[in-house]
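Before any questions on how it binds or moves, here is one chain, the form predicted on its own, in structure tokens.
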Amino acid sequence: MKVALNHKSNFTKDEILKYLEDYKSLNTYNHEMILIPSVCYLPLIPDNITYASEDVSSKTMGAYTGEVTAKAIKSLGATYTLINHSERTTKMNENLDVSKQKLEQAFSNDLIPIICIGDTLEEHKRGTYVEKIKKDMDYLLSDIDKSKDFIIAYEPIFAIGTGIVPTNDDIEKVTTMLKETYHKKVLYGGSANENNIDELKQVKNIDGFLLGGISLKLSSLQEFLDKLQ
């Protein structure tokens, strides 16, 4: 399975260096681990670790102060980048048009996108979440060669960092639709941790997990991996 570790805006330089040293002792059971640190720490990641960027600019190289382009990120050795993460859409007010531009930049610079897609609590309660997710995915992928390599991460927006997790049946409705429609690997993200992995790993059509808070604490992450194997 793929296990992606999203650090978000955490760790100082000394803390990430300590993390990377301790990470060497992690037993990953041959799962494909993808480290996703703050972009400023990408140059610190050893070559033997597969890593991603948390975000990528919608712009090409040029006069865009503060933007970090896909070309620059690729030059740092990243393999993947997150696209359309809910914290970008809900907290930074980035819409699907911006996410689509970022997706195009990732593809143009040989970064493999991890496309995050999700639903709000209101959409989930209305029962329209599967249709909404497909509509958003179709928009993001419109005019894009579907044979290109990408990963999909289903992250219910209401589950991010809240401890609220949809039922396995609800998750499976989404993962099954995504697998059957787009024929790509599908991760689950949304308060997955060492306490609920025994239940979550029973969900069909999951190829791995996108982890947030648990990725910061290696002892908890090790317990998660022990149960996942």
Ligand code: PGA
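From 1 onward, residues are counted along the sequence shown. Computed from a predicted model, the values in this text were never measured in an experiment.
FYI, the form predicted in complex with the named molecule isn't displayed, but the following is about it.
Only one of E104, D136, E123, E87 lies close to the named molecule in the predicted complex, with a heavy atom inside 4.5 Å, and it is E87.
Though the partner is left out of this view, I114 does not reach within 4.5 Å of the named molecule in the predicted complex, counting heavy atoms only.
Proximity of D119 to the named molecule in the predicted complex: non-hydrogen atoms within 4.5 Å are absent; the residue sits far from the partner. The closest non-hydrogen atom of T175 lies beyond 4.5 Å of the named molecule in the predicted complex.
Shown alone here, G161 lies within 4.5 Å of the named molecule in the predicted complex, counting heavy atoms only. You can rule out all but one of 24-32, 40-48, 190-198, 66-74: in the predicted complex, only 190-198 has residues with a heavy atom within 4.5 Å of the named molecule.
Residues of 202-229 that come within 4.5 Å of the named molecule in the predicted complex, judged by any heavy atom, are L210, L211, G212, G213 in sequence order.
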